[in-house]
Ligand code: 13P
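Given as structure tokens, the chain that follows is alone and in the form predicted on its own.
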């Protein structure tokens, strides 16, 4: 017998659910997006705060926000930058929730990390919840293989998941050091549970480490036993979590073929969160920082089709007018959750701090922070 669960549907403009839409309504007056004084207000508030505030801007942020960032970078670089500024009592992280969590873990106890909009989450990070990962581990223990499985989590995961990995002797990785993390993991055990992005795990194992696609299985947390047989779980080298990036997962092999036909001699440059067939067909594959450096070093007049978030691609195009830089897909592909951090939210945040109010502080509890730091420190200790 199937049990029917009634789920309320909230139509656009006809109500909100505070439990699922955290941060949509700010406790205060949010400036209108059409306010022509927003830039001036942000400048005035930032100047008033002086050295008390340090603003971090992720590469995927829109230009109107990036212009107020003290530093820009990917998620881990920004968390490290925050930790390197112990004199700043307020860290405003213009990114998404898991990034602000990492900054809180790595910064001092007297520093306050603030996310301008609590609804700026990450769909990939949300695809692996703590309870789901615990259930997966229970499955591996029941099969008698957990003691030979090393958990590895991508930086794009919640503090809970990083702590889970830290408690079980695993490691965090970024898109630029995933191979080093997996090399280390296979020195510790015989199998890897890779969270939460299946594509980064598969691409690293197959394209950089010599494993075959048959060595990788995908664990679906919404199916019994992950949708896998006992033998599949026992024999796999890489147990990949069924997660992906909503932006990078959109790029297709058809887009690669189309741009090659349309632009002779084009260089296809993609992020390793893209699907395996896209990464395999590309000319260059690398992290966000790699993509930026590749464009910086490119020959004038060269053509580049880039498979990553559109804000960054547009910024690279503007920074390199001597090169033909284009978006790999024809359809627009912003990171919708990252774009929740807009100028009105930033102004509201900075003006709140000027008034002595601390909005949207991100606090990771002590136990979770400790074990997440264990996994992060293990990453920093990688050879």
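From a predicted model like this one, the values you see are computed outputs, not experimental measurements. Residue numbers count along the first chain shown, from 1.
We do not show the form predicted together with ligand 13P, though everything after this point is about it.
Residues 75, 99 and 273 are all found to lie within 4.5 Å of ligand 13P in the predicted bound form, as judged by heavy atom distances. Distance criterion of 4.5 Å from any heavy atom to ligand 13P in the predicted bound form singles out 154 from the list 93, 304, 164, 154. Residue 287 is the only one of 111, 191, 311, 287 with a heavy atom lying within 4.5 Å of ligand 13P in the predicted bound form.
Note on the interface: of 42-50, 57-65, 348-356, 315-323, the segment with non-hydrogen atoms within 4.5 angstroms of ligand 13P in the predicted bound form is 57-65.
Taking the partner from elsewhere, residue 175 is found to have a heavy atom lying within 4.5 Å of ligand 13P in the predicted bound form. The closest non-hydrogen atom of residue 338 lies within 4.5 Å of ligand 13P in the predicted bound form. Along 354-383, not one residue places a heavy atom within 4.5 Å of ligand 13P in the predicted bound form.
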